[in-house]
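As structure tokens, one chain now follows by itself in the form predicted alone.
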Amino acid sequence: MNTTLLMCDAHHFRIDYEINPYMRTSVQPNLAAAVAEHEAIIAAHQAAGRTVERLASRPDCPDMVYTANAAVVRGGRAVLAKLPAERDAETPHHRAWLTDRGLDVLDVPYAFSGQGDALACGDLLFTGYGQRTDRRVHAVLAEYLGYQIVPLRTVSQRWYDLDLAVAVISNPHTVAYCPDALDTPSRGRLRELGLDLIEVSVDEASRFALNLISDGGTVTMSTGAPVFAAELRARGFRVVELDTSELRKGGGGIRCTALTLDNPIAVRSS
């Protein structure tokens, strides 16, 4: 679970456009600080025993650091994202890297925010819609990747991707979420699954608390969510908190910066 990750560097990170509520072209990140934050995230992954593979960012792709939006990968297959027009230039680089690695890559004709709206939890796939992803993509993900889809609709652009509102902590048992970020039917679907659910406040979720990466033992998350971090520690998880104040100016935290490559294929009983 999240032990092999693809990441792009932050060397060309900047705010050229505004496609989520966190972006302001008038508020540019400090590039040196953003690069340092990103390198600290990589170092934390490596210290936790995770493997980080790298894809060089491109000068014309200021959001390429948010690699999670590239696709969803399971086994030897990947469903490529269909990103907002402002990020179109990233997709050929994502496709080339995945293809060169030997994956069978599928394009979709509908808007799809990649792993930002598709969080694996065992054979379940929490799939966001209502903001960046067309719900018709869900059937493609189910058929091509073999997941049981759990559709979850976020209530506003504040939660433009599902990975700002939901986090898989221990696969497939423990899931954290912000109830106020999901509509009523979605909250019901999540609660009916019989998972161990941790509720996170709007205040902490708005500081990217849920935009984290967990391998089931170590949780790597942003600073600014002391209540949630304490709850994780009380449950026996090792928690590493990192500053992401510059990276968050583009609307992304720790989960946004890495595409998971090791989602296991479904185990079929004979």
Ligand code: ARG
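Quick caveat: nothing in here was measured; it's all calculated off a predicted structure. The first residue of the shown sequence is 1; numbering continues from there.
In what follows, reference is made to the form predicted in complex with this ligand, a form of this protein that is not presented.
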If we test each of 93, 77, 87, 153 for a heavy atom within 4.5 Å of this ligand in the predicted complex, the one that passes is 87
May I ask you to state whether residue 160 is within 4.5 Å of this ligand in the predicted complex, using heavy atom distances?
yes
Does residue 63 make contact with this ligand in the predicted complex, using a 4.5 Å heavy atom cut-off?
yes
In the predicted complex, is there a heavy atom of this ligand that lies within 4.5 Å of any heavy atom of residue 210, even though the partner is absent here?
no
At the 4.5 Å heavy atom threshold, is residue 19 in contact with this ligand in the predicted complex?
yes
Heavy atoms within 4.5 Å of this ligand in the predicted complex: which stretch among 93-101, 68-76, 142-150, 121-129?
68-76
Pick out the residues of 224-262 whose heavy atoms come within 4.5 Å of this ligand in the predicted complex.
250, 251, 252, 256
